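Just the one chain here, laid out as structure tokens, in the form predicted on its own.
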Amino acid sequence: MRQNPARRAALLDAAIEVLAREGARGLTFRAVDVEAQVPNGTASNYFDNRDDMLTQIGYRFYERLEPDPGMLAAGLEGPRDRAKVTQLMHDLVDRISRFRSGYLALLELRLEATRRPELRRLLTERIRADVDANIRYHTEAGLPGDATTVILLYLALNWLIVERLTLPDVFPEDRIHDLVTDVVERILPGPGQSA
């Protein structure tokens, strides 16, 4: 098995693009080689089998989506109120939406996880860890709301992102900003308001 980390990352990035564009059925070693513009047989030197490649795509997606520490620190500047949570949720939706192919590949991985126990284990552990990290960030930062607030935001905004990236005409692009704001305002009422 080859160990060139830069080549492996390039192959995984190519695999994400193939998975997003062609779906799981179109994800072959050959398709990844073509997308990565490498010689035939290269991908098969880096992955034991298709399951191994799918699992590594899951890791790579999260690696690429990880916010940089500066973004996390900047998110904590200023008052810690509903407006700050709204800003953070807009930033999150925009960051994920900019990596459209990655999110679409993740949806394909989720479907594959219903049939592949190792992939299901990986995605379950990773997504649970992300939810826990988001809860920890939210509460340790002193943002309003609690663990349930974070979980409800996660569930609502994930579906909004799915609609935005898969069926963009359901909610026109010019409504996305207002919808994110509305989700936060309904899940996290302001002072003196109830949900």
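Quick note: we count residues from 1 along the sequence shown, nothing fancier. This is a predicted model, so every value here is computed, not measured.
One more form of this protein exists, namely the form predicted in complex with the DNA; it is left out here, but the text below deals with it.
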property	result
Segment assignment from 166-174, 29-37, 150-158, 123-131: heavy atom within 4.5 Å of the DNA in the model of the complex	29-37
The DNA contact at S44 in the model of the complex, heavy atom, 4.5 Å	yes
Non-hydrogen atom contact D48 with the DNA in the model of the complex at 4.5 angstroms	yes
